[in-house]
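Below you'll find only one chain, the form predicted on its own, shown as structure tokens.
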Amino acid sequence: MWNWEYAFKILPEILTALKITVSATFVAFAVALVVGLMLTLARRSNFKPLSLFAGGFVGFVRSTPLLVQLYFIFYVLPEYGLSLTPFVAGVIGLGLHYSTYLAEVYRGGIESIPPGQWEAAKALNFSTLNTWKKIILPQSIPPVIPVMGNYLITMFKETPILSAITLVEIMQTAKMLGSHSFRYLEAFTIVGVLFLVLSYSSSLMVRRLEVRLNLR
């Protein structure tokens, strides 16, 4: 049966672990945003080896499981002298994995720009850098922000997989609490409710943002 006293007792520890989960999500998302944009630009490069490398990287990462990638970063790289903490390894693994998906989101936004915009930039003698910075990116990114928001929510719900590389996030904390007390109901229920509330509220924010962007 549900024990309210025990639930309130473990709540502070679960909320502390939630901070780690949220931090890992946002840092990994920042990595995904930056690397995803770099991959998109690299794939559009006229330098063929760079374009092929970026395309191959996207295809490889998207075709292999996230868990395998995390194991490789955390357990294999130390054999070659690169040891990372569970948090750093998790952030890099999660960020690189989702950067390949955000790269496709960026690509869709860029390809939605009418050809006339590129031609106008050439007519005005804009450099390549200024064309991207002042014309293409400001128009291509806002329409895909809602899609990026959905990926952020997905990444948040994926963070329990980081427990596989010993990161003590919210799900691992609940598991440890349950193993100590032999009571799993309260811990896993609290974690489930927190994921539900935060994911649903974030979804509502993304939908409102999408409506606002469509009204512009």
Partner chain sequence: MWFDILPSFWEGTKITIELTLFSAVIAFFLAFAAGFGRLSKFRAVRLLAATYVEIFRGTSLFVQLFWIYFALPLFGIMLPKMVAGVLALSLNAGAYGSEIVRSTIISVPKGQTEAAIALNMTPWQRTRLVILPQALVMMLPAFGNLIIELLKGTALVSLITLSDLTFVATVLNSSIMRPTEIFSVLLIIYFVISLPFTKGIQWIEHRLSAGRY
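Residue numbers count along the first chain shown, from 1. Being a predicted model, the structure only gives us computed values, none of them experimental.
Below, we refer to the form predicted in complex with its partner chain, which is not included among the displayed structures.
Given its partner chain in the model of the complex, answer whether the residues Tyr71, Glu79 and Lys175 all have a heavy atom inside 4.5 Å of it. Heavy-atom distance to its partner chain in the model of the complex: all three under 4.5 Å.
Does Tyr101 reach its partner chain in the model of the complex if we count a contact as any heavy atom within 4.5 Å? Flag for Tyr101 set to yes.
Check whether Met171 has any heavy atom within 4.5 Å of a heavy atom of its partner chain in the model of the complex, and answer yes or no. It does: once its partner chain is placed as it appears in the model of the complex, Met171 has a heavy atom within 4.5 Å of it.
With the partner left out here, check for me: in the model of the complex, does some heavy atom of Phe60 sit within 4.5 Å of its partner chain? It does: once its partner chain is placed as it appears in the model of the complex, Phe60 has a heavy atom within 4.5 Å of it.
Evaluate Ile161 for contact with its partner chain in the model of the complex, applying a 4.5 angstroms cut-off between non-hydrogen atoms, and reply yes or no. The answer is yes: Ile161 has a heavy atom within 4.5 Å of its partner chain.
Under the 4.5 Å heavy atom criterion, name the residues of 1-17 that approach its partner chain in the model of the complex, in sequence order. Just Met1.
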